[in-house]
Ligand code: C5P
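In the block that follows, a single chain appears as structure tokens, in the form predicted on its own.
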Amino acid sequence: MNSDESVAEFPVVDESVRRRLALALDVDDLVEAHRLAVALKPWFGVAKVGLELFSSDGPDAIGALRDLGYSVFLDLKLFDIPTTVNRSTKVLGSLGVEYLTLHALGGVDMLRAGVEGLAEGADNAGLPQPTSLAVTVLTSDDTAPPHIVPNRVRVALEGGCGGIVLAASDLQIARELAPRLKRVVPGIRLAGGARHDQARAATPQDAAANGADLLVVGRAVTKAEDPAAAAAAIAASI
């Protein structure tokens, strides 16, 4: 069965759902990333480029995914002195990314420098303004004290970020402290599926019901026996 026949088995997904689902292309080869992106495009409107793919193919990966019609989520979790982050985000903003992650551990000044650089880079290139996302605590980390996430949400607000990346279990506190920030939740797994290294995984139903705006899905789909069926199940659940 070819991919078109496989896709035809499933209901058409509304664009509003596709825009809430980010496909994590955690591979180190652009050919493989392109194959996955094409096969899973009926269910995903955002493609996440992480350290692996950006390290192997850099800006070419962003351009290739934009050419396929995806919004690109560049997940580098930048963490450095403010000047370095500012200069780096100016370059990244000019590439046409829609989202870029900065680590909130870097503090208010670093986040602000990143936000300003990203906006300037996009503006200089005549592109729409992207969204800076502050990473709070990795979903692989279940050891952070309770005060860490609230503190980092406040830092994200003060630093001018447009959104935050956090586990589904932290959504309630984020809604209370920063209701206008976009809430991005990685570590999405179907019920009963393998958690891999995600200590704080969540089902798409739980994440969506608790206020996630963007759900990041990787191995639950890309490593599934039937990726199309897994993607369709996740899209149907939200």
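Sequential numbering from 1, following the sequence displayed. Please read all numbers here as calculations on a predicted model, not as lab measurements.
Missing here is the form predicted in complex with ligand C5P; even so, the following discussion is about that form.
*Asks:* Tell me which of 120-128, 133-141, 146-154, 104-112 has residues with heavy atoms within 4.5 angstroms of ligand C5P in the predicted bound form?
*Replies:* Among the candidates, contact is made by 133-141.
*Asks:* Taking the shortest heavy atom distance, is Val165 within 4.5 Å of ligand C5P in the predicted bound form?
*Replies:* The answer is yes: Val165 has a heavy atom within 4.5 Å of ligand C5P.
*Asks:* Would Gly218 count as a contact of ligand C5P in the predicted bound form, using a 4.5 angstroms cut-off between non-hydrogen atoms?
*Replies:* Contact with ligand C5P, yes.
*Asks:* Should Pro186 be counted as a contact of ligand C5P in the predicted bound form, where contact means heavy atoms within 4.5 Å?
*Replies:* Heavy-atom contact with ligand C5P at 4.5 Å: present for Pro186.
*Asks:* Is Arg87 a contact residue for ligand C5P in the predicted bound form, using a 4.5 Å heavy atom cut-off?
*Replies:* The answer is no: Arg87 has no heavy atom within 4.5 Å of ligand C5P.
*Asks:* Ligand C5P isn't shown here, but in the predicted bound form which of Asp26, Glu32, Asp206, Asp213 has a heavy atom within 4.5 Å of it?
*Replies:* Comparing distances to ligand C5P in the predicted bound form, the residue within 4.5 Å is Asp26.
*Asks:* Which residues within 63-95 place at least one heavy atom within 4.5 Å of ligand C5P in the predicted bound form?
*Replies:* Heavy-atom contacts to ligand C5P in the predicted bound form: Asp75, Lys77.
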